[in-house]
Ligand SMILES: NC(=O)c1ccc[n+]([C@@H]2O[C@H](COP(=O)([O-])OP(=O)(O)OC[C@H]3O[C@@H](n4cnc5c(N)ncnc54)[C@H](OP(=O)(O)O)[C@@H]3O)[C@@H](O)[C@H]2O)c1
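Here we start with a single chain on its own, the form predicted on its own, put down as structure tokens.
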Amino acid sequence: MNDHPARQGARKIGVVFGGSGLVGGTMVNFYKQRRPGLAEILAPSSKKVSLSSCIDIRNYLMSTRPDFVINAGITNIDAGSQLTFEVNYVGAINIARATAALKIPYIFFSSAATLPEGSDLPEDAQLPITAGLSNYAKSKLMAEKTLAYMHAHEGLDFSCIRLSIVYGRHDHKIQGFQRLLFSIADGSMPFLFTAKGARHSYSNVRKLPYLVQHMLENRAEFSGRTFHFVDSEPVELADLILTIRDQLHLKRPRKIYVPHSLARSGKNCAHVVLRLLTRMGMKASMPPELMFLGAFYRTQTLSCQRLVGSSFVDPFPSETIYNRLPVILNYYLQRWSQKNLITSYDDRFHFDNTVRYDFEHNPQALLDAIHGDATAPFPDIDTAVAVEPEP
């Protein structure tokens, strides 16, 4: 890593772009709360540093002189082509140009949207760049290819982490996996909008900072390479939906599979209705995730063998989307009910039984969860001890 003369012996400085999102926020929280001694983390807002502005990126990184940069910043997945291109692609490349000049590592987060459908897909199974790709997929795919080019020709020290469906807590937006939870909890999913047997990979955001830190400490092994970061076992979407339904003690969605053709027709009809409402002065919009409706009906699972074969050791090997559900559901249901976003679920339901079940039947998973969430020293006691005068 970069060693600036003024900071010899001091903590490293890292910059996280996209620190307000689920992935970036998890990175910031890890370095500031879970491992405060590893690095000082700067997370500039989009108002301070716009990823669409080359000048903003260049000036900020020149002034802060960080030792590494993590890029988790993206625009909304339904943004227009120009903004998506400027933020997701040009922004990622301008960060790369700055980090190459500073000779520091650059960790870039990409997406399974750059891959085709299929099972056990390796890292090199990229889609061809075509006009028919979504703006989001196109921008991420172009960024992956340009970063690889810069590594080969410009000496860029980068690592690409490709994520699938990300799950975890502390996301302030209802998007991605959280949109699925919200639809079930709010009772707005009457049936299964997927095909029987359709499976997908899931990425546990709680483990992600451990991988990033390991990559930063082992550049020779990870530089210039792409890794899939997903749970080892893929998940059938229908089974996951029904599991969430049962844990919430709900009756819907029913176990009835809606054909893709019917779901697509319903989506198109909804678009027509929303356009009519807009013309009448009523603002309404479709969830942006519906652009990936077809993916709900197709299998896409990612191979994680390259990462498994590396020196990285999974900090919570027994964790899956299923045994993290109680914690995730508890967090989001409380948050959404406090904001009066949902009222249809039984707010008398508590998740204490899941803790008891894990203690009786899966104590290792419970132990791993406690180690990850509830072993840090109490900050108020720690502060009081630090300022307590000597006798």
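Position 1 is the first residue in the sequence shown; the rest follow in order. These figures come from a predicted structure and were not determined experimentally.
Form predicted in complex with the named molecule: not shown, discussed below.
- The partner is absent here; in the model of the complex, the one residue of 72, 230, 212, 185 having a heavy atom within 4.5 Å of the named molecule is 72.
- Taking 46, 64, 323, 330 one by one, only a single residue has any non-hydrogen atom within 4.5 Å of the named molecule in the model of the complex, and it is 46.
- At least one heavy atom of residue 50 is located within 4.5 Å of the named molecule in the model of the complex.
- The named molecule is not shown here, and in the model of the complex it never comes within 4.5 Å of any heavy atom of residue 14.
- When the named molecule is considered in the model of the complex, residue 164 lines it closely, a heavy atom lying within 4.5 Å.
- Taking the partner from the other structure, the named molecule in the model of the complex has a heavy atom within 4.5 Å of a heavy atom of residue 87.
- Listed stretches are 218 to 226, 314 to 322, 133 to 141, 251 to 259; the contact stretch with the named molecule in the model of the complex is 133 to 141, by a heavy atom cutoff of 4.5 Å.
- With contact defined as any non-hydrogen atom lying within 4.5 angstroms of the named molecule in the model of the complex, the contacting residues in 16 to 51 are 18, 19, 20, 21, 22, 23, 24, 45, 46, 49, 50, 51, given in sequence order.
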